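Read the single chain below, which is given as structure tokens and is the form predicted on its own.
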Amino acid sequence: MIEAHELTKVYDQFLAVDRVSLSVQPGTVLALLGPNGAGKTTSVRMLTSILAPTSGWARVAGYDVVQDAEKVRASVGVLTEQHGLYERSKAVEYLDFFGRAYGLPKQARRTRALALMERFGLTFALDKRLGEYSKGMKQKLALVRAMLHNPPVLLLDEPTSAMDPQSARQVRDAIIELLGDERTFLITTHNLTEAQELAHQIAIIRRGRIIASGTFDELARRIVGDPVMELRVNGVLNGLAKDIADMVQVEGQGESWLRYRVREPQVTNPALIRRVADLGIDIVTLAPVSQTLEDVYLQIMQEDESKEVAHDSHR
């Protein structure tokens, strides 16, 4: 649904996006992560046919972003960092304007607008001017605008910024619900917990380059290594670490717990449980030590910065 090959954008002598390649299937959420100024917004603008790439190509919903720009724009819903809401308008008038711009019939655009306003808890504010909306309400209305024409692809820049936890949950639930209709999402966000919850794929961009991509599990295994498990027993370990050293790599222990790294937990853990039971030791819990996208992201960024420093020092 989204495909890009070596997409590049140069402003004068500044390389803003450097040969970005992406492939996103229908019904998938891609989280594009990176620091401010990394090239996320420029990439989104090229994918929505707002900016023409300097080189490379991209297709969205099957349409070329340069040759079929109008069809691309009709196939995507976009939530930008700056919403550009006309604050003197009321919500109903504002959404009707955009419905007409998308070519929706009168009844269809009203029905669609009301359904989306209800989904995001905004029906109480239908007749309020947008200037009276809170930041979170404005964010939700901008999302309604992006979804109004029922596009197959949604590109959302910080979709839950400025929202309270309940509103942010509404947006995440809506995204999950819409995935059932084979919609595709590209989300840029600094909320890594949210990205870990929603994203099927993750791409990390720094200085215009994709420096890592894959599922969370793939990135975690590649960067952090094999999963770490924590075993807690009833009583004391009594030398258990030595008894299981041939099965797993023990990384730390206390009086009644130990942590170990294991390549294939689905194979090793059942065998380990049987051995511990044979030793007469009662297991209280055995669970993975939680790995977070924040930990993985920070390590990827640190490693890329180190490579850059090493490269510069050898020039």
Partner chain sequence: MTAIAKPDSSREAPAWRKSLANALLVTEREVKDSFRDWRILAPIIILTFLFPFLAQFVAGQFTDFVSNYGAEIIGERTIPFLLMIVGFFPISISLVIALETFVGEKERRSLEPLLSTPLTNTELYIGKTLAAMIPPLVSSYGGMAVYLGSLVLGDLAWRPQPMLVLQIILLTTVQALVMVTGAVVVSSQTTSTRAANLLASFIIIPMTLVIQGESAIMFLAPDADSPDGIGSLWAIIFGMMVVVGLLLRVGNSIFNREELLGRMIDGFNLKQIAAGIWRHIRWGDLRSTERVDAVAWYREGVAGSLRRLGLASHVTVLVVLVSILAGIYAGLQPQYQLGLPRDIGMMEVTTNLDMASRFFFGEQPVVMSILVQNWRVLAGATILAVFTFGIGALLLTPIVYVLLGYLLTQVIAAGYSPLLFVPAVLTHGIVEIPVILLATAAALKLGAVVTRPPANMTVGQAWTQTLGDTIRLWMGLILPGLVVAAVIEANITPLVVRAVLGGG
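Positions refer to the first chain, counted from 1. This structure is a prediction, so every number in the text was calculated from the model and none was measured.
There is another form of this protein, the form predicted in complex with the partner chain, and it is not shown here; the text below is about that form.
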Considering only heavy atoms, tell me if residue 131 and the partner chain come within 4.5 Å of each other in the model of the complex. no
Consider residue 196 of the chain shown here, and say whether it contacts the partner chain in the model of the complex, taking contact as heavy atoms within 4.5 Å. no
Residue-level question: is residue 189 within 4.5 Å of the partner chain in the model of the complex, judged on heavy atoms? no
With the partner left out of view, is residue 114 within 4.5 angstroms of the partner chain in the model of the complex by any non-hydrogen atom? no
Heavy atoms, 4.5 Å, the partner chain in the model of the complex: which of 233 to 241, 133 to 141, 180 to 188, 220 to 228 makes the cut? Say which one. 180 to 188
Only one of 70, 64, 282, 264 comes within 4.5 Å of the partner chain in the model of the complex by heavy atoms, so just point that one out. 70
On the criterion of a non-hydrogen atom at 4.5 angstroms or closer, are 93, 105 and 152 all touching the partner chain in the model of the complex? yes
Stretch 52 to 91: residues contacting the partner chain in the model of the complex, 4.5 Å heavy atom cut-off: 52, 61, 63, 70, 71, 73, 74, 75, 78, 80, 82, 83, 84, 85, 86, 88, 89
